[in-house]
Ligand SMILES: Cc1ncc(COP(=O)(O)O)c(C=O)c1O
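Below you will find one chain, with nothing else, as structure tokens; this is the form predicted alone, and questions on how it binds or moves follow later.
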Amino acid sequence: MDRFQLDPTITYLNHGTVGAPPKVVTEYQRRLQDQIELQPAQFLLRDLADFEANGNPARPHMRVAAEATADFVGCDPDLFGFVDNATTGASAVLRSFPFEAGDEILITDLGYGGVNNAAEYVAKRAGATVRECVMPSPGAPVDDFVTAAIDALAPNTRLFMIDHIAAHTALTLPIERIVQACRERGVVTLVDGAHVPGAIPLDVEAVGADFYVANLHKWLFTPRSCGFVATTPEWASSLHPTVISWGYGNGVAAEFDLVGTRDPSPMLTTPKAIEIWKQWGGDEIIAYNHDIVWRGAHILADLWGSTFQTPEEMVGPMVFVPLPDVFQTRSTDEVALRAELWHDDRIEVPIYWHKGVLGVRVSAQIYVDDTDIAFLADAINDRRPS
């Protein structure tokens, strides 16, 4: 815990919401901010980005960071752009896409609400429609998720927007298989990988999606706000940021590297964040976080008498565990229950309804251990209605 700025009196089981960067990375960010303030105009207007795409400057700060990050996530840096977060990236894709009247955007009932709202907005303006694919409940076999996705595709489905790791249920979907099926049927894919970089192994090109968006400020240790959007050569010329600025028409790098005056320091920390993530173990971090929530899910289910059946291959660094049966009634106020856990026990953990099941979404990072899981288990049991 001493590597992070988190209040040690908090049991923090919610890393998946906004992340928590290590002290060493935020200290590096402050040094960058101090460097910017020595000559803001020089740094932000002349050294930061090559928005004219003419080789000046030869090594713009944003491209240096982009190259390191693109290499880490497995994509072409020329087809990679920094964004504030995955929602911003998805909005950029949706607002750039050439939808026509009668087209359909397919989403799933696992999707993130803010991103789904962007799809509704874009569809309404284009005369297109949004339809929801109903996915199986947590605990279903992996193949059932592939089948549900394929069966939902329709002749007018132009773009399928689907999570890699679902936000509320924490399910890791078989994304490569779903993307391949869509490609075979001529459906464009937008993958929301908000929770993926640093959480599970990622190779964007191997995923094969037409568009991939993600956050770096969750599991990859960067400060907020920091994410990316990546595309393929086929779509590069049509992809534009939500804010159009001086780089318009000069390619993904030129357009996304400079979108007006903003603090670029979160993006510029990415090489340092990746370095720290690797120094601290990288793959071992992934394994540790998975093991904590996988083991913890079974412990919680046993202590609560609930059922947890999610296949292990669908569990990353987060897990959704049903609460005890006595809470499984619509009279249970999940907001009030979460507030009680926070105010009385200083436990930060989300509580959601999904398909009629009320559960907790437990996130792990290296500051979480088995005692945190046990503390949550007892706190819930103490609140069982008598």
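All of these numbers come straight from a predicted model, not from anything done at the bench. Numbers for residues come from their place in the sequence shown, where the first is 1.
Beyond the structure shown, there is the form predicted together with the ligand, which is absent from this document and is the topic of what follows.
Only one of 256-264, 269-277, 139-147, 165-173 places residue heavy atoms within 4.5 angstroms of the ligand in the predicted bound form, namely 165-173. Between the ligand and the residues Trp235, Trp246, Tyr112, Trp294, the one pair within 4.5 Å by heavy atoms in the predicted bound form involves Tyr112. Think of it this way: in the predicted bound form, the ligand has a heavy atom of just one of Ala194, Val93, Ala230, Ala209 within 4.5 Å, and the residue is Ala194.
Within this chain, Ala86 lines the site of the ligand in the predicted bound form, having a heavy atom no more than 4.5 Å away. Taking the partner from elsewhere, Thr17 is found to have a heavy atom lying within 4.5 Å of the ligand in the predicted bound form. Scanning 202-226 for heavy atoms within 4.5 Å of the ligand in the predicted bound form gives Asn215, His217, Lys218 in sequence order.
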